[in-house]
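The form predicted alone is given below as one chain in structure tokens.
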Amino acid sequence: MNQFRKVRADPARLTAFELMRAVWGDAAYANIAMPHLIAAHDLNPRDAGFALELGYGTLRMQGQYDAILSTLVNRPLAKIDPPLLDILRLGAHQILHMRVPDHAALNSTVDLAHYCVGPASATLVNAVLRKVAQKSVEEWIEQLTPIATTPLVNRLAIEFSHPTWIICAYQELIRDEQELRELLAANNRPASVTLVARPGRCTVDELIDEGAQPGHYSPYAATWQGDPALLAQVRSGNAAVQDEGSQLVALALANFHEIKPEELWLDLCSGPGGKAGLLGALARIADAKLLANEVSEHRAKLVRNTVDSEVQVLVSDGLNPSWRPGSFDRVLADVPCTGLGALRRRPEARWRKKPRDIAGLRPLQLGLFEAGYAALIPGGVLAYVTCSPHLAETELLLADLLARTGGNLLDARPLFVGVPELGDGPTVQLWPHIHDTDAMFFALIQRPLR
């Protein structure tokens, strides 16, 4: 047996380390990789919770840790062996942001380095993390970004561990420093598990009877602490996990006016199926019909597993539709975007996304909007939705779209029943720090009768 394997690593910390390697070594998505890793290590609920907090928290805050670590090692971080750098980040997170005593964080991380990398690396980890523990996180922030001399965006980037370009994008919308701080802090808090009770199949009261709590605004929303698979209604498919913001934008389209029997609806980009599941249930109750379109066969399968049998799921390119123009009363165009509104759910996304991604998505977003608009009957409405607050993906893109199509932009705020602080309109921007939802953007465009 390899001599490096004589030291045992704590299973929860080993799981978090393997998550880091899966994300940065294999380009995995944390939310997909982590359940498999927890199962592979057979972690009990307590250890699984610790591994989640450690792994996801380290991914979110690694910008802050890299800034600190770069002052404590004698070479650029890019020159450090990636597994060793991940172990240093994991140790820094335990010391600076978790309820782990410094000695326990230090000893367990040294053991992890010895087990996974080797004794020489363990010596380096011991020396570096001892230096990390000499200051509080507030002291490190002040050392790295002195208030008197550091521009606000650079200080916030270290303090809240966000890339500066994302903070600058938020500043275009939120000028108040305190509110901007609240948004950045909200992005660093794990989102609660939000459920949707599918209309006609389950009620929120039934979820409450199983121990859930009611949601904030959606009449179909409930929150749950723990594994949603423990709920019978979720296992049966009568309820599912769905962010309340995602529910609200689907409901806003359904709330436009009373649903008439035989209306035809289109979900243009329906994968993985959350909004299609809710819209399909509402359409079925009112004797309307929903077509759920998805370009990816894999994602279309997820949609089929989500929606009622009455919903037709079509695998096709929304840019080259097979349906006739002017066929649908309501269209949902939840277009591919950078996902900057869901950073609290995707801990690694802030580091993977780049400004160039926005320009790369623009032709697709424009094309899908135009295809969705062309699918409307005269007087029909299109909901343009993105899970991003970036102006280039929302208001600026919308202005271009309206100029191209001649559609009428309607005031969407009355469609978000009971939701406060919706701004000046006519579009709606939800926020995690205000509404406890993903930062969903919603605009409603009507095709003129003539």
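Numbers for residues come from their place in the sequence shown, where the first is 1. Remember, predicted model here, so these are calculated numbers, not experimental data.
We do not show the form predicted together with a small molecule, though everything after this point is about it.
- With the small molecule left out of view, the stretch that reaches within 4.5 Å of it through heavy atoms in the model of the complex is, among 314 to 322, 152 to 160, 95 to 103, 214 to 222, 314 to 322.
- In the model of the complex, none of the heavy atoms of K135 sits within 4.5 Å of a heavy atom of the small molecule.
- Interface residue remark: G274 is counted as part of the site for the small molecule in the model of the complex, having a heavy atom within 4.5 Å.
- Although the partner is absent here, L129 lies well away from the small molecule in the model of the complex, with no heavy atom inside 4.5 Å.
- Of the heavy atoms in L268, some are within 4.5 Å of the small molecule in the model of the complex.
- For the candidate set V295, I141, L173, L180, a heavy atom within 4.5 Å of the small molecule in the model of the complex is found for exactly one residue, namely V295.
- Residue P336 is the only one of P190, G237, P336, P119 with a heavy atom lying within 4.5 Å of the small molecule in the model of the complex.
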